[in-house]
Structures are given as structure tokens and as C-alpha cells.
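Before any questions on binding or motion, here is one chain by itself as C-alpha cells, the form predicted on its own.
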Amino acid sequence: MNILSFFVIIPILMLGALWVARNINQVRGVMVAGSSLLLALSVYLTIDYIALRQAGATAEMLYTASISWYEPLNICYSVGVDGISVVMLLLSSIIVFTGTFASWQLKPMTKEYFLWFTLLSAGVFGFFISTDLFTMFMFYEVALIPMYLLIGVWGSGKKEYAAMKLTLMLMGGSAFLLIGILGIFYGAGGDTMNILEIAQRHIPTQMQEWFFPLIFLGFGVLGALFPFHTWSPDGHASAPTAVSMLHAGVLMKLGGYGCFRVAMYLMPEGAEMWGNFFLVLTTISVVYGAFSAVVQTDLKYINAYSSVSHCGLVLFALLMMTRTSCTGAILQMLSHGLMTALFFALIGMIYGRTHTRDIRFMGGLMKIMPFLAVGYVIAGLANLGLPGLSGFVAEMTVFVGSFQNDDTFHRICTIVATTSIVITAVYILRTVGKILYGQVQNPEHLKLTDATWDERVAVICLIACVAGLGMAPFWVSDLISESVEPIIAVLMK
């Protein structure tokens, strides 16, 4: 059996085991065993992939396999990975593993919660290994549907409103995607949905002009593209901790991955025609998200708008269409996934103790819960791009690659986008200073405890990944850049 199929089979087996689990300890045992197995599998895949490339493997995608599903439309279960897919699978497995420990104390209906959480994970893994458009779209929908229940049932605040808004906006994006996928299918001859085969053909220019914006918008909605980003802050603010981690850390990356792998790779002329229009929207996303974070007082809304800005930077870098900028975009997806998962984990842990996310009523937490406070400082420094942490590597690669375009329009957009670095420093340092230092605002907070062992596992793993990527980025960068090259070659024709 193809190794990639285990990324779908393991979550399915976890669903069955969770279904028959009789108590919370059995549920926890299934989740720890399954998420650990997925993490080990992704680490093995990464090491083996690097070894195959070093041994001279030249195929664009490795570990490929295809099984016919529906012959009249040539729909197949087709899988394969390149360096981009490999790092996305690694990111997803890390977030699922740490999210399990971040949800260790979740009640009520723990079993049902983890069932939907695992189904969401299965959709994410299936999306990243798919090389067939229909299969990719199917897993995309599997990843989106559980979000409604996870937020609507286990969320907080205006959870029903947030869940419905998120679902309706993302399903609207899915409608655009479905139309665009059908356009690509018939434009490529109507006899295959395999991405690698379609990439070898030429979709008529007029069809690219019509269907590129549909695909880019469809995926861009999930990537928080302005002005379709409004679901994101409400969804993040209402979601339970691990769902926020998986949502911001992985699910939003489906948007950038899809824009690059499907929209830009299969319709390069459409990308050329529409690139500047979407570049303006992504520049707005980057700056607007950062400014919006400055005026928030809710910890989750601060991080949610920060995610709008940083995910906007992913689409911004992709549209610059240089090898360096696109490598930076993938690095940014990986870096943001890790640090925003760390942020949401810490925010959930702090909220579980203080019962507030309003920074106006928090202070002096460094004295009360030093482990969580230090973790929050590290996450903040990564977010504002401190050298030695993942944010610096990703953002500098994005901006250097973007400035390689020698025309005035692209360089002005790059200069405008770089202002987000300063704005990010403002809201991060302001928040850290407000909640961690100074006087304790609520005397009841003096009775609070620091992180438990399960919370420490999640936080330490994420901090290690953020620091590891920041201090040793070159193996990841090399892995990504060689997989970016074939797509850039198509875009530059």
C-alpha cells in the first residue's frame, strides 16, 4: 500500500476506535496513539523524501499512486507529494499532536469533540496528498464541514453566529472552486483531473481569464483574502483552543497551497492577467490585518487579525512570482502555522485560568504563571520577526524575493507590505507588556496555577519547532525551493 494513504487510513481507524471508546481515558489514549503515529509517519516521510532527492530522484512528485474512482469523468484517487506537500504534512501532524494535549481537559462530550476533530484532520491530510482535482476538492470539503459543529457546540461567545458565518462564507468559496475546477477540466480536454497531466497541457487563454479568479477567490476566502476575511476573526475567537490551533495553523494554509498548486500552476496566463489586481487585495490584507490587531483588546481577536495579516503575506508573496518569494510564501505558511498554534494554545490556557481574554483586566501574569508567560513572550517575538525564530526567516525571504521584481508597482507594494513589521511590533509588545508585566489587575488571579504537564507538552513541542526552524532553516528552504522551481518555470514562460 502507498505510504501516503496511511495519512488518511490512520485518522479513519482513529474514528472507529473513538466510536467504540467507553470512557475519557480510552478516548485520550486513542488520540495520543493516533496523533503520535501520524507525527512519526510524517517525520519518516520527510527524511525518506530528502534521501530520495539526494539519491537523484528527479520526478516532480514522489510516492505517486492512482486508482480509478469514476471512469466517465476520469476521476481517480491520485496521490503524490513534493517538498511543499511534505512540509505541510509535517506541519499538520505537529498541530494535531499538540492540539490533542491542548484539549486534554476538554469537557463535556469529549468523545464527540475528538471524533469531529479527527475527521477535520483527515480532510487536511487528504488535501495535501491529492494530485487529482476532484479528490482534492472532496478532502477540502471534509476539512471544512466539521468546523461548524466544533465551533457551534464547543465554542464560546457568539459561537452560533461565528460558526454559521464561517460555514456560509467558506461554502461560498467552495462554489467558486467547483465552477473553476469544472472549467479547468473541460479546458484541458475533459479527459483527466490529474493536476500533473493538466499542467502539461494548455488551457485556452480566454478560459484562464474567466476561471483563474474563481479558483483564486475560492481558495483565497480560506486564506483570509481581503475583503472576504471577516469570517476569520469571529471564527477564531469563538473556536475551542485546539480547533483554533488547527484552523489558523493548518486549515488556512489550504488556501495558499490551493492558490499556488491549482490556480497559478494550471493557469499561468490567468495569473499574469489577474496578478496585479489580487496583489493589491493581498497588500491591503497584510496592512489592514496588522492595523486591526492594534485596536483589539481581546487576545483571540488580536491573534486572529494577526493571522489575517500573516496569511495575506503568503498570497502576497505567491503573486510576486519569483522563486525566492514563493519559497518565502511556503516558509511563511510553515512558520505562521507553528507560531499561531502556539499563540492560540497559550491564549486558551490563560483564558481557562483567568476566565477573561480582555487585556484591560489582566496584568502581572509573569509572576503568577511564569511558564505560560515565557511561552507567550517567545510566540510574540516569533510573530514580530525576531532573528533566531521562524518568523524572521520567513518574512525576510518573502520581502527579499518580492523586491527582486524590478518594476515600480511591485516594489511599491513590497514597501507598503513591509510596514506591517512595525505595526506587528506595536501590538505584540503592547499586549505582552499589558498582560504579563505591571500590577496584577485582579486579586483573584494571585490564586491561579501555572501550566499542567499536558499543557507543557504542547507548548514545549511548538516552541522547539519555532526555534528549530528559525535557527536551522536551510534544509526546509532547500526542500521547498526545488519543488517551487517547476511551478515558477511554468509561470515564467
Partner chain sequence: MDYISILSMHQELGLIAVFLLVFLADLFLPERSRPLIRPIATLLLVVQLVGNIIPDEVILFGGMYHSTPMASVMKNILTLGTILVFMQSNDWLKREDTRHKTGEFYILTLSTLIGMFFMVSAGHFLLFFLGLELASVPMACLIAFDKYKGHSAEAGAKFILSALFSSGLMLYGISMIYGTIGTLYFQDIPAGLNGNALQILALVFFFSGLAFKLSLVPFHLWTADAYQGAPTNVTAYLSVISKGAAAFAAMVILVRVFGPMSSEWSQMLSIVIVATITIGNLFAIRQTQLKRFMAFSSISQAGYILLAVLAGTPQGMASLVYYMVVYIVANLAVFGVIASVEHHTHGKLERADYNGLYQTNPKLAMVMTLALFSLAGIPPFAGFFSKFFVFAAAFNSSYYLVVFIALVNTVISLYYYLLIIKAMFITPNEQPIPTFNSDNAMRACLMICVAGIILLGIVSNVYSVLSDTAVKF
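Computed from a prediction, not measured in an experiment: that's the story for all the values here. Numbering follows the first chain given and starts at 1.
Keep in mind that the form predicted in complex with the partner chain is missing from the display, and what follows is about it.
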Worksheet item: So which of Val377, Val142, Met273, Val287 gets a non-hydrogen atom within 4.5 Å of the partner chain in the predicted complex?
Response: Val142
Discussion item. Exactly one residue in Met366, Leu182, Leu106, Leu196 has a non-hydrogen atom within 4.5 Å of the partner chain in the predicted complex; which is it?
Written reply: Leu182
Item to complete: Given that the partner is absent here, state which listed stretch (198-206, 232-240, 354-362, 173-181) has heavy atoms within 4.5 Å of the partner chain in the predicted complex.
Response: 173-181
Worksheet entry | Joint contact, Tyr305, Val308 and Pro443 to the partner chain in the predicted complex, by non-hydrogen atom at 4.5 Å | no
Discussion item. So in the predicted complex, is the partner chain close enough to Phe134 to count as touching (4.5 Å, heavy atoms)?
Written reply: yes
Discussion item. Since only the chain is shown here, I'm wondering whether Met164 would be in contact with the partner chain in the predicted complex (any heavy atom pair within 4.5 Å).
Written reply: yes
Discussion item. Given that the partner chain is not shown alongside this chain, does Ile412 nevertheless sit within 4.5 Å of it in the predicted complex, heavy atom to heavy atom?
Written reply: no
Discussion item. Can you tell me whether Leu149 touches the partner chain? I mean in the predicted complex, with a 4.5 angstroms heavy atom cut-off.
Written reply: yes
Worksheet item: Out of 83-122, which residues reach within 4.5 Å of the partner chain in the predicted complex, heavy atoms considered?
Response: Met109, Glu112, Trp116
